[in-house]
Structure formats: C-alpha cells, structure tokens
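In the form predicted on its own, a lone chain appears below as structure tokens.
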C-alpha cells in the first residue's frame, strides 16, 4: 500500500469543485481512497478519520492532497489524476475566449453592466456580507445562499435592502423559485397560482413537492432564511416577500412555511397578511402545530382542491398489516438528515410518539448533542447544520459524513430504525439514489450479519420532473429494502411506529 499526503499553500478552490476532483481521483485505477480538500478544521478531522496523517501546520488556506493506493503505480496514477482535475478547474475558471470582453471585477459592476435585478451570492460566509452590500448598492435583490453569516449582519443587510426597495433572501437561503427559474436547491414543479414564502429550505421543497403531487402549481417561492421569523430578525424579509406576492398578478394565494418561529413575530406577520388582503395559509412547525403535510392538506382543502394519497412504498418487513402480536423492534430511532427543516419536523413528530429526541437542532439544551453527535436513545442529526458545512459542500451535494454515520449505526446494536431523507431537484447531487440504496442495502446486511433486522425508512422529497427522477429513485430505495414516503411527516410517523408508537 502507498500513501501520499501533501499541503499546497494558498491554492484555494471551492468545496463543490474539490468534491468533484476527489471523486474523479477516487475512481482512478489502483486508488483506494482520495480526498482533495481545503484544510479546514472539519476536513482535517475527516482526513484523520480516513487514516491520513495531516501535518500539524495545515490551515484553512491550504489545499490538502491525500491519496492511498494499492501500490506505487496506483499512487502515480492517482497523482496524475489530481493534476489533470485541478488543471481542468483552472482552465474552466480562466477561460474567457480570445474575443471575450474583460469580465466585471466585482459583483456590483456585473449587476450594473448586465442590468440584472437579482444576484446570487454563494461564497464563504466571512466574505458574503461584503458581496451582498455590493449587489444591494447596485440595485439588485439578493439570494444569499451562504451560511455562517452573523445575526447582526443579517439584520443590517435586510435593513439596507428595505431602504433600497430590494429583497435579501437569506442568509442560508437554500431554495428559491422566481418566475419559474430555480435558484439553489429547487424542484421542478408545475407553474400555477401559489406563492410560497419560506423561512426554511427543505420545508419549502417539501411543500412544493406536495403541492405538485396534488396538481397545484407555483408562481414563486421566495426563501427568506431560516432565522427570518426569529425575535432577533423580526420577519424583515418575510414582510417584504409578502408585499411582493400581494402585488404579483400571477399569485392567487400564499403558503408561509417556517421552522419554529418567535410567537410575537409570527403574530405580526399574520396581521401583516390581513393588511395586504392576501389569502394566506400557514405551514409553521412547532409543538402542538400541524406538521407540514397536514398544513398543506388544510390549505388544499380550504382552496377547494382534493387531497391525494401521497406516494409511499412500504417494505414487507415493516408493513403495518403485520400481526398485532408481532414483537416490537427493539432499539432507538436514529434520524440522519441532510435537510434541516425535515430534521426539525421528524424530531417533532417522532418525539410526540417516542419521547425525548436528542439532536443538534438547537431547541432543547437538555437533549443537545455534543461535538461527536452521539447520545443514547433516540437521535436526530441535521448534517446540513452550519457547524458541519464550514469548508465543505452541503450534504445534499456531498453526503460523505452521513454515509459514514449510516455504516456506524448499522453496526450499533442499539439502533432500532434508521430514518433518512433524500432531497432531489436542481442543485442537489445529480443522482443520489443508487449510492443511498447501496448504503441502505449494506446497512441491512451488516445488521443481519449481527443477528438483527434493521428497518430503514426514507423521506424522499422530489417530483417526477426532477432531473434525478423521483419514481426511479423510489424504486431503487425500495429494492434495497427501505420504506419510502413523499411525506416527511408520514415517514417519521412510520419509523416511530416500528418502534412501538402509533402509525
């Protein structure tokens, strides 16, 4: 076996590009493991977990090239693949063509030169604030995809946007659909009369997919950032988004989607809707409130639309029709999520049935997970949390950390049910179904080898028109032995039911 670890000072590439490099190198003949990444604290932890010895002097501005191959020939092939992939990145970044004009030097100049009315900012959080101010000053609304932006900066940016009569969507705004154009993570849905305002990314995608499955289309989906309805931010962007949709001729009614909000801010938004004369429905997560599926069903009924049977495939091994005296599956729920709002909803739904759920969602200090994200009993982990995405791609693009945890849970005899999400659409992994299906199959085989069954339940958020094809993905997961639901709440309820709760 041959191992190579190398630091390259000041060689910056974004995390998504480096993910593609790592995957290309890992597929080279003779390469057993490959990771090409910026040496952030989290990436260094991952590299050490893969068995590589990273030099102590490595810092976040350094590029780490780490390879393990079967022999020296394999290592040479892998290193050649690294150089080819990095050269391709440089060529793409620097290619303007002999006849191209000089590109704009700043985001603001690009907005002014093009006349754009909307800019998308997706740079590391430390630099995102400056870029957003630049776009606002140039007269553009901003979709601020970046996370790790402080609350104080968020408030100041949104006040600056309001003064300029533009909208800041975000920070940490993962999903938007503006005039039929998808931005960030977004599903392919039919056009129609519904506008969504979402202080939630995957919550918005869940609502979009449920509405599409019911035959109802969207005019716009305006993400406002997961903290917008907090007491600190005060619904600044939600208020502007509601006003924009009230003035939009293509929008007949509105669905507001949010993680648990501040009650006083929510009440203020409800009063705001009344002043605008909007027909609005609320899909607001929180204890004692309807889950997202139930909220969408209530909205559809109120608007005179028949609620369909939501797509679901239930594995024979955990079908609800099994004998009443069948033994309850022992062990605990382990929910491993890429979507933050889907994780929130799953913890609320499962917690109401099973009791306390430990998580990294930040709402329950008594049951907060530590740095190792582990605890006895029921656990839900959001792998898209800010602290897990510094210096690396979102898990909807790079599921490496979750895949490692799925394998670890399969070997843990206290894991009774695995509950997973999979979110399709633009911006997400181009074809995540086969990889997750193989992980499900391997996890069930590992558990079976230890003398126990491991039910796996998947919340599959997507549409038939998504580039990854929801039906094909569903079939792959079902063939691997998973139960698969379009409704995240139904998936969480089913998983809790396997452990003895009511389904």
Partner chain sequence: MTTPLRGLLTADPVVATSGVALFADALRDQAVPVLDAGWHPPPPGTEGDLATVMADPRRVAANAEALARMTAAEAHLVDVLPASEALGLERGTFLHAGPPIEWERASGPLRGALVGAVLLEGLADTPDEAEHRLAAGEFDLEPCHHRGAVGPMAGVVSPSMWVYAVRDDAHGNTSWCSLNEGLGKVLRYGAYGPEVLDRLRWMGAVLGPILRQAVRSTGPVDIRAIIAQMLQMGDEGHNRNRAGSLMLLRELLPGMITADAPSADVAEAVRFSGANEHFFLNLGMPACKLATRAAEGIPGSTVVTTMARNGTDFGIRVSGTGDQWFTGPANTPQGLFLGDYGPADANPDIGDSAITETAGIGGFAMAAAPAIVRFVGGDVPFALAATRRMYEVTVGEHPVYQVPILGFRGTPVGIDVALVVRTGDLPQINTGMAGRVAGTGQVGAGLVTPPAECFTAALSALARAAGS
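Numbering follows the first chain given and starts at 1. Predicted model, so just to flag it, every value in this text is computed and none were measured.
Omitted here: the form predicted in complex with its partner chain. The next part is about that form.
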Is residue 83 part of the interface with its partner chain in the predicted complex - any heavy atom within 4.5 Å? no
Answer yes if any heavy atom of residue 165 is within 4.5 Å of a heavy atom of its partner chain in the predicted complex; otherwise answer no. yes
Could you tell me if residue 310 has a non-hydrogen atom within 4.5 Å of its partner chain in the predicted complex? no
Can you tell me if residue 298 lies within 4.5 angstroms of its partner chain in the predicted complex, counting non-hydrogen atoms only? no
Answer option from 147, 291, 131, 409, heavy atom within 4.5 Å of its partner chain in the predicted complex: 131
Looking at 373, 119, 211, 354, which is the one with a non-hydrogen atom within 4.5 Å of its partner chain in the predicted complex? 119
Looking at 119-127, 332-340, 224-232, 68-76, which lies within 4.5 angstroms of its partner chain in the predicted complex, counting heavy atoms? 119-127
Heavy atom within 4.5 Å of its partner chain in the predicted complex: which residues of 136-161 meet that condition, in order? 137, 139, 141, 145
